[in-house]
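Okay, here we've got a single chain as structure tokens, the form predicted on its own, with questions on binding and movement later.
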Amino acid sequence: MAQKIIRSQYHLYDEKIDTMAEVPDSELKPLPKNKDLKVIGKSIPRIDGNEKVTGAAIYTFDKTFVNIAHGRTLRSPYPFATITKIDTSKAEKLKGVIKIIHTYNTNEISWYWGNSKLFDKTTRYEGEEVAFVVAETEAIAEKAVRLIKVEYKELDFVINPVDAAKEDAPKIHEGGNIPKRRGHSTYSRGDFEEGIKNADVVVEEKYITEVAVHNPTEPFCSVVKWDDEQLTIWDSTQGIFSVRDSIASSLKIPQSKVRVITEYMGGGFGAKLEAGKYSVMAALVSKEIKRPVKVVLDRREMNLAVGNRPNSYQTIKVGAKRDGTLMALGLTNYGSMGAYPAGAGAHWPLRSLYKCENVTTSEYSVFTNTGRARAFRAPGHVQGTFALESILDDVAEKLKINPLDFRIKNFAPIDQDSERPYTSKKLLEAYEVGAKAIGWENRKTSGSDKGFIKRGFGLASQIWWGGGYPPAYATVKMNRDGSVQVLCGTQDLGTGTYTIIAQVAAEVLEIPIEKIDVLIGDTQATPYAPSSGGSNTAPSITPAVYDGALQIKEKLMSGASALLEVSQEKLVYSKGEIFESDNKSNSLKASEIVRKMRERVLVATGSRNESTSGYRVNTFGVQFADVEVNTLTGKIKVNKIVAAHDIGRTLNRQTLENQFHGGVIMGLSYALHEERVVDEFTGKVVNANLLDYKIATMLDTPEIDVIIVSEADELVSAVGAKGIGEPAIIPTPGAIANAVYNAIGVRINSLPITPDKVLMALNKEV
């Protein structure tokens, strides 16, 4: 199929990205509705499931070689300090130590965090890299790290973004703690002050969300190996091509000389979208010692040094008319991006979710002496949605309007920035079915439930992108025996990517899914696909697979026409066989066609279609929560979450529910448990482990009801799928917070909502 080059624009998290992409020259025929399909939309078990449950799947954590060496990192114990001396003599004398690198003995290597270096004589957060040890075993490397003597000059530090934004705060970088680029962002439409002036009810509140840490099951890890000038990196990453490019840039070698492989990975949640400094340090030493090097971060390092969801200090002001019409929405927010540049915004839900003519936001992403923020499953949206949905419930109560009716009243039918229609927006349908499923009619007036265990209901809406984008490619190969291999440079984070790729190919080619082999996660063996973030994996790659499979089908039809001496218009393709419509006995199987065409392999590379013109692509949904609050202990029990969403076509019902269950549980954990605690006097993280950093367990998991109100979104792609990774988590904390308020009649404006906060709030009301 003919291709063309276009300029493409898409949203990745909160950034608008411009790129060039190769796309199909003509529109592809959309897939039929799921009810008319045989494979897509069904609950197909994961094709890689057996390998994972039996232990046959090789994760980066499992990768090893006979002569492999092991790396460990010495990290700064202080939040802000200058290194005055490093003494590695004792460590170097330890038997089994191979090499130690640090700022005094390593040429400066540029790093892609602004003007950062691989090592710096100033350490700006507890956990920043000071030295890297490579030894025969991990245990020896750990012992050697403890033997390195470092002299530090401690500096005054700041850990709170509100404090760090003040003029007299310690300066973490030259130029101040609010960088000129992306440090302060503003947005406005209409006239906010006029909207407040014309409102009948005005509510202003402050909201705080704490820092949360990703803590995926598989630790951050890399295995690096040089073969002459060729570097191969087995990495636990969400973006094999982005890792390749950034490491090639840091080492100043061609991208063609770097190969990155991620066959399986055990979760990332956004933190693994970037290359790690540990990979570059391992590569530097590996080249010198001419041996492969493996580095695996422990839980403490993962809690200190590889990313987090930034905190937020939000002030929101809302004005509304007596009939419930929103007149003005305003937000001021401070977020900690840590010691190096990152995003810390939370404005998008307030700016876009509800109809309002007068909106203003002012956000500060502030340097602090803490670990750097990274993307974390719906960056900014989880924090922003919690605050927005909380204050909207308070406004609705002042107006004596049902919170659900209030949201319906302010439904936004089009995108308010561009004034473009959405490709699909079935939020009203989601409200209706979700409310019925949770039993919304049983909701009582806030705080009116009797007894010491009080029940409450709450809801929160969500908006996200997740429409996918080009460039994304997939190569489809059909062999002489009729088996198929699909190659794509994407990653499977544990979400079922292998399976949905196979499903699309199986659907188009009408062959059993068992005959399809999927190869992903290899920058040299597979065509380019974007990083797996922003809920963009499925909607980016499945249209490319669809295009590639259609091309194979077209080649088979063309070959059959020549071999059967029948015009293509008179041929029918069915179940991997092609026959003459008027004479079914005149037929050929796909495998026969490949053989008779004298092809060893029939090959086609498909591409993702051009992004939709004239529309905005978003996902929408609502989550309802049913909770119980014990007013004697402050303990909150979530009984049920209903998740009703418009996310385009369901590709695999089983993996979709897996995603939603994981997102709901993660959102619950963020709402009720998770919080990185930093000692304000020392700047040290006091719960940098999985014992003291509280995460929800199966005992905390409620009943979860997933309802999809959408069919295929044909304006997005011929496949019609949109992403679900982020929509699954975004509304959960807000829904739980509103349900807790409905139960006890007292608003808690900070996350996590822990038992002590509940009791303090109740006692304050007495």
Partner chain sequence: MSKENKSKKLSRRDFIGRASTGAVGSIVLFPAISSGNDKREEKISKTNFKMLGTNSLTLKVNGKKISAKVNANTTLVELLRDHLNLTGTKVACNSGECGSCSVLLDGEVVYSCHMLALDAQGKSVTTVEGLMDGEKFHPVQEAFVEEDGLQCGFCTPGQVMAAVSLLNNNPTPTKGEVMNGMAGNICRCAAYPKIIDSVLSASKKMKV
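Treat the numbers as computed from the prediction; the structure is a model and nothing was measured. Positions refer to the first chain, counted from 1.
Keep in mind the form predicted together with its partner chain is missing from the figure; the text below concerns it.
Contact with its partner chain in the predicted complex, defined as any heavy atom within 4.5 Å, is confined among 625-633, 186-194, 438-446, 661-669 to 661-669.
Remark: residue 51 counts among the residues lining its partner chain in the predicted complex, judged by a heavy atom distance of 4.5 Å or less.
Although the partner is absent here, residue 498 is a contact residue: one of its heavy atoms lies within 4.5 angstroms of its partner chain in the predicted complex.
Remark: residue 96 counts among the residues lining its partner chain in the predicted complex, judged by a heavy atom distance of 4.5 Å or less. Put simply, residue 62 is close to its partner chain in the predicted complex: some heavy atom of it is within 4.5 Å. Interface residue among 422, 473, 457, 376, judged by heavy atoms within 4.5 Å of its partner chain in the predicted complex: 376. Interface residue among 398, 257, 299, 684 relative to its partner chain in the predicted complex, by the heavy atom within 4.5 Å criterion: 299. Residues 485, 493, 494, 498, 513 are the ones in 480-513 with at least one heavy atom within 4.5 Å of its partner chain in the predicted complex, listed in sequence order.
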